[in-house]
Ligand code: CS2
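The chain below stands alone and is given in structure tokens; this is the form predicted on its own.
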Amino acid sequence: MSALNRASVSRHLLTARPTSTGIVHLGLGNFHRAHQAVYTAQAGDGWGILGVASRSAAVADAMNSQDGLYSVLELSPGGSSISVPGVHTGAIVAASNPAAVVDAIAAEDTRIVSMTVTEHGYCMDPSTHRLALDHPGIVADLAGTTPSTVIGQIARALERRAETHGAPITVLNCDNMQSNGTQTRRLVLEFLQGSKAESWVAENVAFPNSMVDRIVPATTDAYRAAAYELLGVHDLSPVPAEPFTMWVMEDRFAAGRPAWEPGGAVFSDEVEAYELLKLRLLNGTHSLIAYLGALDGHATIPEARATGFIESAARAVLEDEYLPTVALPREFDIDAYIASLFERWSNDALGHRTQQVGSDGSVKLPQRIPSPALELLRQGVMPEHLALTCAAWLCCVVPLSGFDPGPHARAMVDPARERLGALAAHSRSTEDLVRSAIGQVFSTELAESNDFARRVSDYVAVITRDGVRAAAREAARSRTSRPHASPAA
């Protein structure tokens, strides 16, 4: 079986040949390879990307053995297609060689450093959105060791550029964080506080906000087989993806950028509005589907979405609780957007797994739940389905004694699982556990809402005693329908 490389790939499938490395991208996962890399390849203007994997060498080794290539397998119920972006100039592993990451970002030719390291990659205190100065990695990086954290690596590289009066650079956050560029700038400057580089960064480094969107599942042997059928050669690391893709950015780049417009990128001064739409309507609802689906025994999002009580819960949280708390971008067709979301969640050719969507909830949900929940509570409205989301997440990652959440929930990975387990062991009651968990993971203000904490506790008790369907029925009975024609201004 012949392998994928620049000699074996069909010319019509290869979309780019980079001339230089202008971008260092941190987080060489499937999302980056099916999103920013594809837009950069479609720009066709020679920009190359050095990919940096965080810990695992699997993808980097596969790409390096294939001349930096991999395929993107686009899947929909109507059929499949494949392409080979071909935009990477190399791949390295940060855990194996952290100094090389700093060197690459500091290199004079590097004009953009971008990131998809997920929310927990920023070592940020979720309750304050500030740099977690007690994080072991940050403590070590501040002590002067070769930095191992993303913020430490970027900050030390910017220090080096400042020392040599180097060229300006853009730091482009492509993770699901509200005001992600603004937050990254704050974290970097907090790391550099007191450093001579602070003023240089303020004058020479741009941190545009951005919103990214594409559903990209994990690679499986089935996807590898499908890629082989379409490529005719063996790809060690193909990336499955849905047809839909979206990228909205502020056009603030300190040293130029690729022409991302041909791939469909949107440059806007309303990025925050797009961010909130995505974080709440897409990501927040997606999380509820995943947790309810896993607890109901569904392996994939399409299976879960096709289940009547889950679809009803998804529409309720989206229309009644998330949508009234966002201001829509100008001339935005919200009805078409909502229809597209449910169509995407129904893509059974993609088979996005509930355990993947539900993982890392302790990092993802604080971006999605506290603000809209508090806004509704201040209006005297109990956000029933936001409470149900919290309860379902807790039942998945820290089930009460005697309750089996099922294999899909048990397979979810969550950095707070051990910490929450310790809370459960020392809690006097379910409400005590819920209040502690909300306070530690979400926000103190939300934990101090007695009504919300009790409602989450009620749903945990119902799920544990009578099952997730009973909890969803109770939420549906409590639903207060609100028209979505006039969302928050």
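The first residue of the shown sequence is 1; numbering continues from there. What you see is a predicted model, and the numbers here were worked out from it, not measured in a lab.
If you look for the form predicted in complex with this ligand, you will not find it shown, but the lines that follow are about it.
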| said: Can you tell me which of 150 to 158, 274 to 282, 224 to 232, 392 to 400 lies within 4.5 Å of this ligand in the model of the complex, counting heavy atoms only? | reply: 274 to 282
| message | Please determine whether Arg368 contacts this ligand in the model of the complex, using a 4.5 Å cut-off between heavy atoms. | response | yes
| task | May I ask you to state whether Asp213 is within 4.5 Å of this ligand in the model of the complex, using heavy atom distances? | result | yes
| Distance check, Ser127 to this ligand in the model of the complex, heavy atom within 4.5 Å | no
| query | Would His352 sit within 4.5 Å of this ligand in the model of the complex, counting heavy atoms only? | reply | yes
| Would this ligand in the model of the complex be within 4.5 angstroms of a non-hydrogen atom of every residue among Thr40, Met249 and Arg257? | no
| From the list Gln356, Thr116, Gln178, Ser83, which entry has a heavy atom within 4.5 Å of this ligand in the model of the complex? | Gln356
| request: Could you spot which one of Arg305, His286, His408, Arg111 gets a heavy atom to within 4.5 Å of this ligand in the model of the complex? | output: His286
